[in-house]
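First, one chain by itself: the form predicted alone, in structure tokens.
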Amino acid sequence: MTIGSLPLRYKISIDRERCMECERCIDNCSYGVFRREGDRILVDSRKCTACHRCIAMCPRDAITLEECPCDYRSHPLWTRQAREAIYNQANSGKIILSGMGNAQDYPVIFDRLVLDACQVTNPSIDPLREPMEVRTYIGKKPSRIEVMRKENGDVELATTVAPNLQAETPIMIGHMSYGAISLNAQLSMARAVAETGTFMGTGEGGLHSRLYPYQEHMIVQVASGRFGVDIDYLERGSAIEIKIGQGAKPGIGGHLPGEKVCMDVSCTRMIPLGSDAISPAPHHDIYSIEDLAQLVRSLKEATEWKKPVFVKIAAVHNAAAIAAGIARSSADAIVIDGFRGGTGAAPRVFRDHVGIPIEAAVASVDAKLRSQGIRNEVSLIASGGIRESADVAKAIALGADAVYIGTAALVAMGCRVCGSCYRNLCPWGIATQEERLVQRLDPEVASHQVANLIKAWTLELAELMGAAGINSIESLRGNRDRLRGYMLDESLMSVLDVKQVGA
């Protein structure tokens, strides 16, 4: 006996009185939901992913989407998701893939942290009338500064300062590789970071030649698969990032399906056309902090010690201890990726059940480095689930120097977070290599939207800082006194090192 037909996840309806049968829904849906038979447009709702492309493109607003129109009998343990996962694996015998970040109904810690504001005795600062320093330097900072006075009275810096990235805002765009997303998506973000004076990551897919004009704003990545890595690639980036782990799938490697490896991706990644790009779980030359230090120094030596080297880890239970080792490896920055970090493809069981929130991870790492007197040795970059400027401010107050955004930048380009990135059918032209779909994303328009998002968040961040009586990012960093916990338990507030509201 078969499992039979399952209740619809989404139901698409067409208002026949409003529909002008222009067939834009058929042309725009890459999943095959719509088709014409005779004089009618028919709908197959089982193929729908809730990408909203049809709704956005319908000129008469004739299409509506309903989620879970007929659900299973409710049960506190056997949820719809649990049952459908079993049905899926009973039929396929395979691992369930998913996109985006953790989808479990865990509390969002950012939403239970509130920011301080000054009044009367400690007045706030008006960012419209007074300077606000949001410029951020990413890299090692000296523990002390020594200067020399010349005979003519001029003062000269005697301390050798390690190379730092100078970002005009603490908001950077994280690593999304060419292959996982389209070249037009990467071009859009590259133009946006160049316009706003910040940086973006290449991901582990190499650097396409069309991104060379923006290389001064690129952070190149070295992952376990070493795709696209050669000396030319390393020298083009302003910084180099070693990817050890990823928040959406800690403990495992990456997988780009062969369907996404077109000729351009093949050349950029230096792999055969149509082959799966599989990154192993570990770097096969890193099994200790000493091995990591050797790779960090090798990359610095290869680029003549002119570029900062970052190390990216997933937010896991012992992230603080790992970070303390990385800080002693000659690395210049540590990227911590929380379990809500996005991905093009990950096993659902890893995405939803492995790792910890970025809020707890960045706070514990900052506290560990401070307690060991090595906080100045590295910058901290928080990543994974940054949704708005308030999240940026809270992450920095918990100890980060800067943040990476990823999904937010994709949403600014039109992404509807449908979670089907791994299927290579993204109707918005973002997470696909299908040329007919890629052409839908105009880099001129999308780059303007991403740049606007970064500018708007930076303005809001300055306003939040001013309200707290702070006029520089350096003063906000690790300033937990500007945070209070609301509806958080005492043990978690101890990890975050924040007081409860009213205290």
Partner chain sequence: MDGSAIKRALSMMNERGSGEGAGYVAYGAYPEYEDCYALHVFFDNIHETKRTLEAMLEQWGHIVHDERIRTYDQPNLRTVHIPWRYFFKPYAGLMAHSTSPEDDIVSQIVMKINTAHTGALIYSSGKNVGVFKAAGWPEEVADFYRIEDYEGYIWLAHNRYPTNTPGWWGGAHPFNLLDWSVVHNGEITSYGTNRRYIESYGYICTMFTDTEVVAYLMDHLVRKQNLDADLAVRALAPPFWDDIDRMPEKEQDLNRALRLAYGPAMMNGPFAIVVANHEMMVGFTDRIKLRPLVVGEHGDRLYISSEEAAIRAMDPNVERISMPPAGKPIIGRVAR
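These numbers come from a predicted model, not from an experiment. Positions refer to the first chain, counted from 1.
Separately, the form predicted in complex with the partner chain exists; it is not shown, and the next lines address it.
Ser475 is the sole member of Gln439, Ser45, Thr64, Ser475 with a non-hydrogen atom lying within 4.5 angstroms of the partner chain in the model of the complex. A heavy atom within 4.5 Å of the partner chain in the model of the complex is found for exactly one of Lys307, Lys141, Arg112, Arg348: Lys141. Judged by heavy atoms within 4.5 Å of the partner chain in the model of the complex, the contact stretch among the candidates 269-277, 211-219, 149-157, 288-296 is 149-157. Although the partner is absent here, Val229 sits far enough away that none of its heavy atoms falls within 4.5 Å of the partner chain in the model of the complex. Contact between Arg484 and the partner chain in the model of the complex is not found at the 4.5 Å heavy atom cutoff. Not displayed here, the partner chain is kept clear of Tyr422 by more than 4.5 Å at the level of heavy atoms in the model of the complex. The partner chain in the model of the complex is not approached by Met263, whose heavy atoms all lie more than 4.5 angstroms from it. Contact here is defined as any heavy atom lying within 4.5 Å of the partner chain in the model of the complex, and by that definition each of Ile125, Val161 and Arg480 is a contact residue.
Residues of 128-146 that come within 4.5 Å of the partner chain in the model of the complex, judged by any heavy atom, are Glu130, Pro131, Glu133, Arg135, Tyr137, Lys141, Pro142, Ser143, Arg144, Ile145 in sequence order.
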